[in-house]
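Subsequent text provides structure tokens for two forms of one protein chain, presented individually as structure 1 and structure 2.
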Structure 1
């Protein structure tokens, strides 16, 4: 049984240390609207991106300085890419894919392993639903890539880069479908149905 939980609803009788959950020492309570599935797992439906070390993210260069680059990574403060982390030179407005190297208590994010992405489009997808778009063992994204083209990079932060060679309108319509139906089960099959129907038309 899946059911909605709202801030303050009890989700477990134990103290859990997972994002968007707080505890009073005895039980755990939700902090955001989410879904509690049959196994008692809590998944927030709506949540600002919280950077974790090792996340692959897509970003946009918003500042070029002698020691590095400011990068918009869909968090409140900009991410920072130090010049020594990369051999490439970036320009304002470049799209990059990078990995989160470090996050500190003040919300500063350092990036590493940056690589430039060619011309294309970056769309802003809700970061809480990115796991649904990737699917178990990347099943969902591999399925979408088969129809829309290989030039797609998904960042954990909710930014998705789509290259010019990929089918951008098709990808956006599929992503919207995934966003709306994210709380449902058997989503990959539904998307497969939808894509094959689209192809026939």
Structure 2
């Protein structure tokens, strides 16, 4: 059974190192409004992206400088890819996938391991609900890819790249469904039924 939690509510007697959670060294507490599902997993419902070292993100090149690239990664702080972190040359408007290398106290983010993504579309999805879109052991996104195609890259920052070879309208419809129904139990089964019906139509 689901249980709603609010900022400051205890969600575990253990120290959890996951986004939107803080710890006092003994237990863990919610930083955002969310739910505890039937298995005790915390699912935040609305909160901005908080970059963590090691996160895979999708970004958009918004500035080109001799020392590197300014990158829109859906955060209040700036994203930056230093030239020494890549052998590729990027251009304004390029879509990239990269990994968070460092986050400073002001929230500015340094990136690494960047590569250019082909032509396609980038959509903005609530970062707090990305875990629901991916699913446990990637069950949800693997299901969606069976119908929409494999050319999909999900960034933990909420930006999602969909390649031109994928079924973009189908993916967007399913993503909106997941966003609206994120708090519900049995979401993967609901999406499977939705996709099956769309295929028949």
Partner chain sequence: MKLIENGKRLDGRGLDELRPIRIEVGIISEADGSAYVEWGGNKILCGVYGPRECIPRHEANPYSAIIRVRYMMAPFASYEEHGRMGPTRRSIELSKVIRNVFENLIVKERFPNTQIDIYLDVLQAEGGTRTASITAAAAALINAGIPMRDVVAGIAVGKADGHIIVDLGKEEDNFGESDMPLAISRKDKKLYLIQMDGLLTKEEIKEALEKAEKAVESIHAKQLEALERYYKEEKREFKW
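Numbering follows the first chain given and starts at 1. Between two forms, the rigid core is the largest collection of C-alphas that superpose within 1.5 Å. What you are looking at is a predicted structure, and each value in this text was computed from that prediction instead of being measured.
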item	value
Which of the two shown structures is the form predicted together with its partner chain	1
Location of the hinge, rigid-body rearrangement between structure 1 and structure 2, from 63, 102, 46, 117	46
Interdomain rotation between structure 1 and structure 2 (smaller rigid part versus larger, whole °)	24
After superposing on the core, C-alpha shift for residue 14 between structure 1 and structure 2 in angstrom	9.7
Rigid-core-superposed Cα shift at residue 33 between structure 1 and structure 2, Å	3.1
